[in-house]
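Presented below, as structure tokens, is a lone chain in the form predicted on its own.
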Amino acid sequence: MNKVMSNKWVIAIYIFPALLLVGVLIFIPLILSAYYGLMEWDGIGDMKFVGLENYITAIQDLKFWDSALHSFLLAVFSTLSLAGYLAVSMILASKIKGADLLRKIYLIPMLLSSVAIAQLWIKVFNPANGMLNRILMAIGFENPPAWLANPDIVLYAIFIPILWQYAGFYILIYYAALKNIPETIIEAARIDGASPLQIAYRIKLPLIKGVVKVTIVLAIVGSLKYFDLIYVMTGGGPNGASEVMASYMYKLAFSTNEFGYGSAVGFLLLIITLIVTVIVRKITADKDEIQY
């Protein structure tokens, strides 16, 4: 068996299907996106080569940078929310009563589609008879805001369902990591007189540091390319107040038929995401990990 597995041709046969899928579904679309970004094209007719004009236009486009700012704000909020998810997972991992039920409840949003979640929160934010405004009026607010129609608050209102949607995902990751910590270490700390807060901060957190780093990268990258829930809830409005890079790219390519320009924006989104990922990895890496 070992001789067979050491054969390079056998190894190539085993990994070929995976490489083929990666190539067809990831690398070829990326190459085509970069290529179409060099063209003036409506997605149907003839293409006209314009060089880097689309990329230069995107860099000078204030709407693109506004959408990029919104995406970065979402990334910041998503990263900060990880602290709350970690706190909840530590509570669930501490053998409290009903932890199994709570863990299942937190996973419910993961089972719903983004469209269903968007429709649910549109009802919650409804200015006339939405649950949120009814609660605010019941406690004394006479004129609660129109959450999805006010340019000053719409972006932050949308962050709430997004963070709610992925809460169970990160709580589950942290919960699994905490459960892998040997109980003998925790017991030894308790015997030495460590408080629950000291155990969480000085023992549990350092032991799952690698998992925390991974979730930070996932949260940031996921936020930068987020699209579906925002598009369903507001379509990037009102007046671009909730536009993110992915929704702006979609509008250019499929609403205004600027397929070449939209492809350029999409490729720039990829470049920005890669740069941010490398920066985050360097910031969060230990000294002995920084080799690239």
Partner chain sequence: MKRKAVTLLLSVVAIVLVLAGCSDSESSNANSDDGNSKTIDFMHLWPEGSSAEHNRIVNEIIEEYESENEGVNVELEVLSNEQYKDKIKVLSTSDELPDVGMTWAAGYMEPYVEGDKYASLDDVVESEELNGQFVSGTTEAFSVDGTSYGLPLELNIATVFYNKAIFEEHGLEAPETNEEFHNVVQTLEENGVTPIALGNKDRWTGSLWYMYYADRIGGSDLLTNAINRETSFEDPALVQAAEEVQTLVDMNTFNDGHNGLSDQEAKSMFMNGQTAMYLIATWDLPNYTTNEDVPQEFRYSVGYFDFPTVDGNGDKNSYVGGPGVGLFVADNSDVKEEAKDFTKFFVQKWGDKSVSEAGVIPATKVDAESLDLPQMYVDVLDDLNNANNLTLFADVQMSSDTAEVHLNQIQALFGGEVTPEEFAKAHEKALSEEE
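Positions refer to the first chain, counted from 1. Predicted model only: the values in this text are computed from it and were never measured.
Below, we turn to the form predicted together with its partner chain, even though it does not appear here.
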With its partner chain left out of view, choose which of Val10, Ile279, Leu270, Val22 has a non-hydrogen atom within 4.5 angstroms of it in the predicted bound form. Val10
Please run the contact check for Trp65 against its partner chain in the predicted bound form: heavy atoms, 4.5 angstroms, yes or no? no
State yes or no: in the predicted bound form, is some non-hydrogen atom of Tyr226 no more than 4.5 angstroms from a non-hydrogen atom of its partner chain? no
Quick check on Pro127: any heavy atom within 4.5 Å of its partner chain in the predicted bound form? yes
In the predicted bound form, is there a heavy atom of its partner chain that lies within 4.5 Å of any heavy atom of Pro151, even though the partner is absent here? yes
Contact test, all of Tyr174, Gln198 and Ile208, partner its partner chain in the predicted bound form, heavy atom 4.5 Å: no
Just one of 65 to 73, 52 to 60, 257 to 265, 27 to 35 has heavy atoms within 4.5 Å of its partner chain in the predicted bound form; which? 257 to 265
Sequence order please: the residues of 27 to 53 with a heavy atom within 4.5 Å of its partner chain in the predicted bound form. Trp41, Asp42, Gly43, Ile44, Gly45
